[in-house]
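Below sits a lone chain in C-alpha coordinates, taken as the form predicted alone.
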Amino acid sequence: MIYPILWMVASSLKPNYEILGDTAASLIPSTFVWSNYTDGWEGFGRYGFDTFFKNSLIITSLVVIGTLMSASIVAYGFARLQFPLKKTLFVCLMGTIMLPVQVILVPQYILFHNLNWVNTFLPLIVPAFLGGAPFFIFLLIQFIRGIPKELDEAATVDGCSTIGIYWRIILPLLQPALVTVAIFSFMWTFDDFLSPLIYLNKPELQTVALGIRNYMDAESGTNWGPILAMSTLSLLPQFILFAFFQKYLVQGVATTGLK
(Lines give C-alpha, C1' and ligand atoms only; values in the text may rest on other atoms or scores of the structure.)
Protein backbone atom coordinates (compact mmCIF):
# COMPACT_ATOMS: atom_id res chain seq x y z
CA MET A 1 0.00 0.00 0.00
CA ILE A 2 2.83 2.39 0.77
CA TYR A 3 4.86 1.45 -2.33
CA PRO A 4 3.17 4.01 -4.68
CA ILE A 5 4.08 6.81 -2.26
CA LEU A 6 7.66 5.56 -1.90
CA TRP A 7 7.88 5.24 -5.71
CA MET A 8 6.67 8.82 -6.16
CA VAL A 9 9.18 10.19 -3.64
CA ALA A 10 12.05 8.16 -5.14
CA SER A 11 11.10 9.02 -8.73
CA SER A 12 10.96 12.72 -7.86
CA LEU A 13 14.75 12.50 -7.47
CA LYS A 14 15.43 10.51 -10.65
CA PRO A 15 16.51 11.79 -14.09
CA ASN A 16 13.55 12.08 -16.47
CA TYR A 17 14.65 9.15 -18.68
CA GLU A 18 14.82 6.85 -15.64
CA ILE A 19 11.33 7.49 -14.27
CA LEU A 20 9.48 5.47 -16.90
CA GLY A 21 12.50 3.48 -18.22
CA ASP A 22 13.63 -0.07 -17.56
CA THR A 23 14.56 0.78 -13.96
CA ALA A 24 11.27 2.52 -13.22
CA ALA A 25 10.36 0.05 -10.46
CA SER A 26 13.57 0.71 -8.54
CA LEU A 27 13.34 2.95 -5.48
CA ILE A 28 17.00 3.97 -5.68
CA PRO A 29 17.89 6.66 -8.26
CA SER A 30 21.15 6.22 -10.15
CA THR A 31 21.64 9.96 -9.76
CA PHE A 32 19.86 12.25 -7.28
CA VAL A 33 18.37 15.10 -9.33
CA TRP A 34 17.48 17.73 -6.70
CA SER A 35 16.83 20.23 -9.47
CA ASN A 36 13.45 18.55 -10.06
CA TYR A 37 12.26 20.35 -6.92
CA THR A 38 13.74 23.76 -7.79
CA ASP A 39 12.55 23.55 -11.40
CA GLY A 40 9.10 22.46 -10.31
CA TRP A 41 8.84 25.19 -7.66
CA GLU A 42 9.51 27.88 -10.30
CA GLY A 43 6.22 26.96 -12.00
CA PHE A 44 5.22 28.67 -15.23
CA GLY A 45 5.66 32.25 -16.41
CA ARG A 46 5.34 34.62 -13.47
CA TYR A 47 3.55 32.14 -11.19
CA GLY A 48 5.46 29.61 -9.15
CA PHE A 49 4.19 26.92 -6.84
CA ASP A 50 4.31 29.34 -3.91
CA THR A 51 1.29 31.01 -5.56
CA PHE A 52 -0.45 27.69 -6.15
CA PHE A 53 0.17 26.52 -2.56
CA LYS A 54 -1.08 29.86 -1.20
CA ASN A 55 -4.28 29.60 -3.25
CA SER A 56 -4.86 25.99 -2.18
CA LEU A 57 -4.32 26.81 1.50
CA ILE A 58 -6.65 29.85 1.37
CA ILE A 59 -9.43 27.85 -0.29
CA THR A 60 -8.93 24.79 1.91
CA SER A 61 -8.77 26.73 5.19
CA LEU A 62 -11.97 28.67 4.48
CA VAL A 63 -13.77 25.54 3.28
CA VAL A 64 -12.81 23.69 6.48
CA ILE A 65 -14.00 26.59 8.65
CA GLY A 66 -17.26 26.89 6.72
CA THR A 67 -17.88 23.15 6.81
CA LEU A 68 -17.32 22.94 10.58
CA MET A 69 -19.67 25.84 11.23
CA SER A 70 -22.53 24.94 8.91
CA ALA A 71 -22.39 21.14 9.24
CA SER A 72 -22.43 21.23 13.06
CA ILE A 73 -25.39 23.67 13.19
CA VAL A 74 -27.45 21.74 10.63
CA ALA A 75 -26.62 18.42 12.28
CA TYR A 76 -27.70 19.81 15.68
CA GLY A 77 -31.02 20.86 14.20
CA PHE A 78 -31.72 17.47 12.68
CA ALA A 79 -30.57 15.52 15.74
CA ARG A 80 -32.17 17.56 18.54
CA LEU A 81 -34.88 19.97 17.31
CA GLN A 82 -38.41 19.40 16.10
CA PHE A 83 -39.63 21.47 13.13
CA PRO A 84 -42.08 21.07 10.22
CA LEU A 85 -41.02 18.81 7.31
CA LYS A 86 -38.06 17.53 9.30
CA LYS A 87 -38.31 13.99 7.89
CA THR A 88 -38.80 15.26 4.33
CA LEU A 89 -35.78 17.55 4.58
CA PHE A 90 -33.71 14.71 6.04
CA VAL A 91 -34.65 12.50 3.07
CA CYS A 92 -33.59 15.35 0.75
CA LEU A 93 -30.28 15.56 2.65
CA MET A 94 -29.68 11.84 2.19
CA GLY A 95 -30.60 12.17 -1.49
CA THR A 96 -27.93 14.82 -2.06
CA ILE A 97 -25.33 12.42 -0.67
CA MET A 98 -26.29 9.85 -3.30
CA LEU A 99 -26.50 12.39 -6.14
CA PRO A 100 -23.55 12.09 -8.58
CA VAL A 101 -21.38 15.21 -8.73
CA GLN A 102 -21.67 15.30 -12.51
CA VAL A 103 -25.44 15.88 -12.25
CA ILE A 104 -25.11 19.19 -10.40
CA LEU A 105 -22.08 20.57 -12.26
CA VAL A 106 -24.00 22.33 -15.04
CA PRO A 107 -26.73 24.00 -12.92
CA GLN A 108 -24.11 25.04 -10.37
CA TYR A 109 -21.92 26.56 -13.09
CA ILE A 110 -24.88 28.47 -14.56
CA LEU A 111 -25.77 29.80 -11.10
CA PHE A 112 -22.25 30.94 -10.26
CA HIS A 113 -21.76 32.39 -13.76
CA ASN A 114 -24.91 34.50 -13.37
CA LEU A 115 -23.55 35.70 -10.03
CA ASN A 116 -20.24 36.66 -11.76
CA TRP A 117 -18.38 34.33 -9.40
CA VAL A 118 -16.42 32.46 -12.10
CA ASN A 119 -12.67 33.13 -11.82
CA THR A 120 -13.02 33.85 -8.12
CA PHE A 121 -12.67 31.60 -5.06
CA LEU A 122 -16.33 32.12 -4.13
CA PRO A 123 -17.83 29.06 -5.95
CA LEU A 124 -15.38 26.87 -4.05
CA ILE A 125 -15.79 28.49 -0.62
CA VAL A 126 -19.35 29.82 -0.20
CA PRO A 127 -21.18 26.43 -0.49
CA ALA A 128 -19.20 25.20 2.53
CA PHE A 129 -20.72 28.00 4.66
CA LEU A 130 -24.24 27.12 3.46
CA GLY A 131 -24.34 23.48 4.50
CA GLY A 132 -22.90 22.18 1.25
CA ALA A 133 -21.37 19.08 2.82
CA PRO A 134 -24.25 16.61 3.38
CA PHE A 135 -21.93 13.69 4.18
CA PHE A 136 -20.37 15.58 7.08
CA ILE A 137 -23.82 16.68 8.29
CA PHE A 138 -24.94 13.05 8.37
CA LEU A 139 -21.76 12.05 10.19
CA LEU A 140 -22.29 14.69 12.89
CA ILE A 141 -25.98 13.77 13.24
CA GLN A 142 -24.92 10.23 14.09
CA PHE A 143 -22.49 11.53 16.72
CA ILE A 144 -24.98 13.96 18.31
CA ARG A 145 -27.61 11.22 18.57
CA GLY A 146 -25.14 9.34 20.79
CA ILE A 147 -24.96 12.24 23.28
CA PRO A 148 -27.46 11.70 26.17
CA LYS A 149 -30.48 13.98 25.92
CA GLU A 150 -30.45 14.28 29.71
CA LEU A 151 -27.62 16.79 29.28
CA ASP A 152 -29.92 18.98 27.16
CA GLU A 153 -32.74 18.65 29.71
CA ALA A 154 -30.46 19.56 32.60
CA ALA A 155 -29.19 22.59 30.69
CA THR A 156 -32.78 23.62 29.91
CA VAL A 157 -33.70 23.42 33.61
CA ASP A 158 -30.74 25.69 34.33
CA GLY A 159 -32.16 28.23 31.87
CA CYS A 160 -30.02 27.45 28.83
CA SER A 161 -31.55 28.34 25.46
CA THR A 162 -31.50 26.16 22.32
CA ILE A 163 -28.49 28.04 20.98
CA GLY A 164 -26.89 27.85 24.42
CA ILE A 165 -27.25 24.07 24.50
CA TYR A 166 -25.57 23.88 21.08
CA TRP A 167 -22.75 26.20 22.10
CA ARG A 168 -22.14 25.05 25.70
CA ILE A 169 -23.12 21.34 25.63
CA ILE A 170 -23.10 19.87 22.13
CA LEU A 171 -20.19 21.69 20.51
CA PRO A 172 -17.56 20.80 23.18
CA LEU A 173 -18.64 17.14 23.09
CA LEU A 174 -18.41 17.17 19.27
CA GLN A 175 -14.65 17.75 19.32
CA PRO A 176 -13.55 14.26 18.10
CA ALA A 177 -16.13 14.26 15.30
CA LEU A 178 -15.26 17.84 14.30
CA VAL A 179 -11.58 16.93 14.03
CA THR A 180 -12.52 14.00 11.80
CA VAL A 181 -14.63 16.30 9.63
CA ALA A 182 -11.83 18.88 9.48
CA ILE A 183 -9.22 16.32 8.38
CA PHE A 184 -11.39 14.76 5.67
CA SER A 185 -12.58 18.17 4.48
CA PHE A 186 -8.97 19.40 4.29
CA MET A 187 -7.82 16.33 2.34
CA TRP A 188 -10.70 16.33 -0.14
CA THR A 189 -10.54 20.09 -0.76
CA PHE A 190 -6.74 20.31 -1.04
CA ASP A 191 -6.71 17.41 -3.53
CA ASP A 192 -9.75 18.58 -5.49
CA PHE A 193 -9.02 18.93 -9.18
CA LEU A 194 -12.42 19.12 -10.90
CA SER A 195 -13.97 22.15 -9.18
CA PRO A 196 -10.91 24.44 -9.53
CA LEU A 197 -10.58 23.29 -13.16
CA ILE A 198 -14.14 24.46 -13.88
CA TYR A 199 -14.17 27.76 -11.99
CA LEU A 200 -10.54 28.99 -12.01
CA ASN A 201 -9.13 29.85 -15.44
CA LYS A 202 -6.65 32.59 -14.51
CA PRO A 203 -3.11 31.30 -13.77
CA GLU A 204 -2.77 33.46 -10.64
CA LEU A 205 -5.85 31.77 -9.12
CA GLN A 206 -4.92 28.16 -9.83
CA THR A 207 -4.40 25.58 -7.11
CA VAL A 208 -1.67 22.97 -6.63
CA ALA A 209 -3.62 20.29 -8.51
CA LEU A 210 -4.01 22.56 -11.54
CA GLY A 211 -0.37 23.65 -11.33
CA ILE A 212 0.80 20.03 -11.49
CA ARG A 213 -1.50 19.41 -14.44
CA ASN A 214 0.19 22.26 -16.33
CA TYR A 215 3.39 20.22 -16.58
CA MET A 216 1.61 17.65 -18.77
CA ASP A 217 1.89 18.67 -22.42
CA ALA A 218 0.90 16.22 -25.16
CA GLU A 219 2.89 18.13 -27.84
CA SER A 220 6.20 18.97 -26.18
CA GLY A 221 6.28 16.00 -23.81
CA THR A 222 5.69 15.63 -20.10
CA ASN A 223 8.39 16.63 -17.63
CA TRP A 224 7.81 13.90 -15.05
CA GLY A 225 10.56 14.91 -12.62
CA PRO A 226 9.03 18.27 -11.55
CA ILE A 227 5.53 16.73 -11.61
CA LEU A 228 6.51 14.06 -9.09
CA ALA A 229 8.55 16.54 -7.03
CA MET A 230 5.57 18.91 -6.66
CA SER A 231 3.23 15.96 -6.09
CA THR A 232 5.47 14.90 -3.20
CA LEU A 233 5.39 18.40 -1.71
CA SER A 234 1.61 18.53 -2.10
CA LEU A 235 1.32 15.59 0.32
CA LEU A 236 3.23 17.33 3.12
CA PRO A 237 0.34 19.44 4.52
CA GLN A 238 -1.85 16.34 4.73
CA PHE A 239 0.85 14.24 6.40
CA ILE A 240 1.49 17.00 8.95
CA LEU A 241 -2.23 17.37 9.68
CA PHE A 242 -2.67 13.63 10.07
CA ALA A 243 0.39 13.33 12.33
CA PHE A 244 -0.89 16.01 14.74
CA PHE A 245 -4.53 14.89 14.87
CA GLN A 246 -4.28 11.13 14.38
CA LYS A 247 -5.57 10.43 17.91
CA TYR A 248 -8.70 12.53 17.38
CA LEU A 249 -9.26 11.04 13.91
CA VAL A 250 -9.31 7.48 15.26
CA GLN A 251 -11.59 8.51 18.12
CA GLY A 252 -13.94 10.36 15.78
CA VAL A 253 -14.17 7.50 13.30
CA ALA A 254 -14.89 5.06 16.12
CA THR A 255 -17.61 7.18 17.75
CA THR A 256 -19.43 8.19 14.54
CA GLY A 257 -19.53 4.69 13.06
CA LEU A 258 -17.63 5.85 9.97
CA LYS A 259 -15.95 2.91 8.18
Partner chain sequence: MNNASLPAPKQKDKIIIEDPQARKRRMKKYLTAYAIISPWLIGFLAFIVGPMLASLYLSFTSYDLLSGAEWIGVQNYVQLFTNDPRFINAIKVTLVFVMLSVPLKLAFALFLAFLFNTGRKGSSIFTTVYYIPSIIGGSVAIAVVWRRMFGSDGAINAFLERFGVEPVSWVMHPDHALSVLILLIIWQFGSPMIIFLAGLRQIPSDLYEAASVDGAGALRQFTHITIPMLTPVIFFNLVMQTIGSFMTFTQVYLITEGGPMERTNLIAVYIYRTAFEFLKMGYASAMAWVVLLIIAVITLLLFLSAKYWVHYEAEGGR
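Since the model is a prediction, treat every value here as computed from it, not as a measurement. Residue numbers count along the first chain shown, from 1. The term rigid core refers to the most C-alpha atoms you can superpose between the two forms while keeping them within 1.5 Å.
The following text describes the form predicted in complex with the partner chain, which does not appear among the structures shown.
For the candidate spot formed by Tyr47, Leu57 and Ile65, no residue has a non-hydrogen atom within 4.5 angstroms of the partner chain in the predicted complex. Under a 4.5 angstroms non-hydrogen atom cutoff, the partner chain in the predicted complex has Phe129 among its neighbouring residues. At a distance threshold of 4.5 angstroms between non-hydrogen atoms, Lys149 is out of contact with the partner chain in the predicted complex.
When contacts are judged by a 4.5 Å heavy atom cut-off, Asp191 counts as touching the partner chain in the predicted complex. Mapping the unseen interface onto this chain, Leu235 counts among the residues with a heavy atom inside 4.5 Å of the partner chain in the predicted complex. The partner is absent here; in the predicted complex, the one residue of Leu174, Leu139, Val74, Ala182 having a heavy atom within 4.5 Å of the partner chain is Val74. The partner is not shown here, but in the predicted complex the stretch 91 to 120 reaches within 4.5 angstroms of the partner chain through a heavy atom at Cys92, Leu93, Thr96, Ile97, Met98, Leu99, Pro100, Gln102, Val103, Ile104, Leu105, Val106, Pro107, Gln108, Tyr109, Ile110, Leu111, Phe112, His113.
Comparing the forms between the shown form and the other one, the C-alpha position of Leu241 differs by 2 angstroms or more, with the core used for superposition.
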